[in-house]
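Take a look at this single chain in structure tokens; it is the form predicted alone.
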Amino acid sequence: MKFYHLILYGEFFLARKIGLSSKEDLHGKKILLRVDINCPISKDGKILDDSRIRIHSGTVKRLLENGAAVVILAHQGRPGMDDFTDLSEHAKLLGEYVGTEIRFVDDVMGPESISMIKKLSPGEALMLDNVRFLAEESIEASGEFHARSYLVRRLSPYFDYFVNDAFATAHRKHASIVGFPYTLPSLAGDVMEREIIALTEIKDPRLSPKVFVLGGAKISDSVRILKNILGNYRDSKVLLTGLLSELFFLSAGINLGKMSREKLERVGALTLVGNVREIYLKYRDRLLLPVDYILEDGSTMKVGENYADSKEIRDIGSETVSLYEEEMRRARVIVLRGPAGVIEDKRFRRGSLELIKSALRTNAKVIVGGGHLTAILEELSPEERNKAHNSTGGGALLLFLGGEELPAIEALAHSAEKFNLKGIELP
């Protein structure tokens, strides 16, 4: 059983092997495992795509098979959003993939969860409820700060190791990500290791030009990293879709209708207009915006020619797909993050699906990032899927490729030094 501790060193990562390769090392140890099983959720609360659960099941299974008692910490959605739910269904699905029962407690750090953690035996697993039910989990702060959080102080005494397998949230400075490495010997899990190795290769400056196709609902994350991507990859282009593209049109003074503006207002995106306008004016020669959209009634709206005040935009149109496909043919690296439309409704999945297919038809290295696009990738044949690196990360992926340091990795590096985790350094 091997885990790697990843240490940031300039533009490269050195993997430091931790001495946990034998069953004796792990047997009887209690492991706090942070995963990212945040899934697309339907309006009636059903999990629409469980690929992230399946991906993390390998780490859980290996820990259990080597005699560890595993307590799983995870989140779903964020407060105020429709997909903010408990993790009871996630635990059932994870148990099916692991092949053993994953107990679930509708508590995070209260008396019931502590009692069940104490009773957990080697080879058994327990999932705590949504860690974002705790208000302090939403605070962005340093590892030193979060080491003093109630969550970290409450849970740490019951564990021997913390394993972070949640690459998709590696860009968050949350207590469950950066706090525990300051109080427990901490390791990178299988998923974290694979992501870093794959993405480090993609950062190779010889692989140019790069094309980034950005969409999805996490507008603030996308705006935050756009400037870094455009600044660090001088020959790159960014193809915008979804709500992000609507925000750029609004910032450029192009009218897409009242419904578009109201939708942006509902998600709090209007506060970003100034930042977006600045990015647009500086980099507009490297930004591509849609030329047509699909509306909620299935009709097509051409940008600059018509708009419908009474109908919402739900997807990009066929002319936009063709325009973006032409741009992707020139790329050596293509990163797709976030869907182009409202993919929860099958009528509006076409734009996202066609963009992925277009990318896979090129000779470029293709990275598909984020849980929602993974659902689209699953519709393709195994041969097609294998042409892409299916990253669990969305925002973390782009921050990493944009040159920013990831707080989760920095926290793991700190833990290696603090707890004197020695081993063989690998290039």
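Start at 1 and count along the sequence shown; that's the residue number. Every value quoted in this text rests on a predicted model; they were computed, and no experiment measured them.
This protein has a second form, the form predicted together with a small molecule, left out of what is shown; the following refers to that one.
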Partner-proximal stretch of 86 to 94, 345 to 353, 163 to 171, 141 to 149 relative to the small molecule in the predicted bound form, 4.5 angstroms, heavy atom: 163 to 171
Any non-hydrogen atom of R52 within 4.5 angstroms of the small molecule in the predicted bound form: yes
Distance check, K237 to the small molecule in the predicted bound form, heavy atom within 4.5 Å: no
Contact flag, D221 vs the small molecule in the predicted bound form, heavy atom cut 4.5 Å: yes
Exercise: H75 in contact with the small molecule in the predicted bound form, heavy atom 4.5 Å: yes
Listed residue that, although the small molecule is not shown, lies within 4.5 Å of it in the predicted bound form (heavy atoms), from R132, K311, R314, R332: R132
